[in-house]
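Just the one chain here, laid out as structure tokens, in the form predicted alone.
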């Protein structure tokens, strides 16, 4: 598997620190030979992302605030100049205001609703549109990261659950649009993992404990397990799969109670 993606290029959005699921995806892709571009949002994140990128051979680091169309276009242009083309897009960005991740969903503010959808769902379509000219004719793969809160109620996940539902619907519509162009689009629904994002969900530790008790494997998953699934979806091994949400959650999604 070390050379499975040799000569391929990828763009990974959403690396915040070493515990990020997007970072685990980047590591798995890089180990398989893929050359990567990583993005960061804001000056505060730049140093940490650059330090991580230094561990990946020949990687580059680019600023990208997905709420700024000009920055999205700039990322696509930089990838074109550096790589010439693109084989894989990993969309791992998501955001909701901390105050929206507790209490009753009906108290979600209009601003909070819109921000969560723009960053967590619409950005997949926006990034896809920007890099599409770089991916055509390369049998490329687009992968995004979701969570079961997009299809079932998870207490305090609130607006992020609604945004993840929109994200998963986007996977299906994009797979329909891009299939004739030879580009596959899939999502990974990962079990709960301790990350910077999950720290904002009230009661997250209780969720971890509950899943470890009820999941068929009787444990939680690790970020590297998600990363290796990302590698599979980016590789020719998954060439017949598109429009799917792949669960990496120790089997929890099959449980009724």
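Numbering follows the first chain given and starts at 1. This is a predicted model, so every value here is computed, not measured.
Heads up, the form predicted in complex with nicotinamide-adenine-dinucleotide isn't pictured, but that's what we're talking about next.
Within 4.5 Å of nicotinamide-adenine-dinucleotide in the predicted complex, a heavy atom is found for not a single one of 170, 174 and 238. In the predicted complex, at least one heavy atom of residue 93 sits within 4.5 Å of nicotinamide-adenine-dinucleotide.
Contact annotation: residue 227 falls outside 4.5 Å of nicotinamide-adenine-dinucleotide in the predicted complex, judged by heavy atom distances.
A residue is said to contact a partner when one of its heavy atoms sits within 4.5 Å of a partner heavy atom; residue 135 fails this definition for nicotinamide-adenine-dinucleotide in the predicted complex, lying far away. Not displayed here, nicotinamide-adenine-dinucleotide is kept clear of residue 215 by more than 4.5 Å at the level of heavy atoms in the predicted complex. Residue 66 is the only one of 34, 66, 231, 37 with a heavy atom lying within 4.5 Å of nicotinamide-adenine-dinucleotide in the predicted complex.
This chain is displayed without nicotinamide-adenine-dinucleotide, yet in the predicted complex the stretch 141-149 from 141-149, 174-182, 75-83, 103-111 comes within 4.5 Å of it by heavy atoms.
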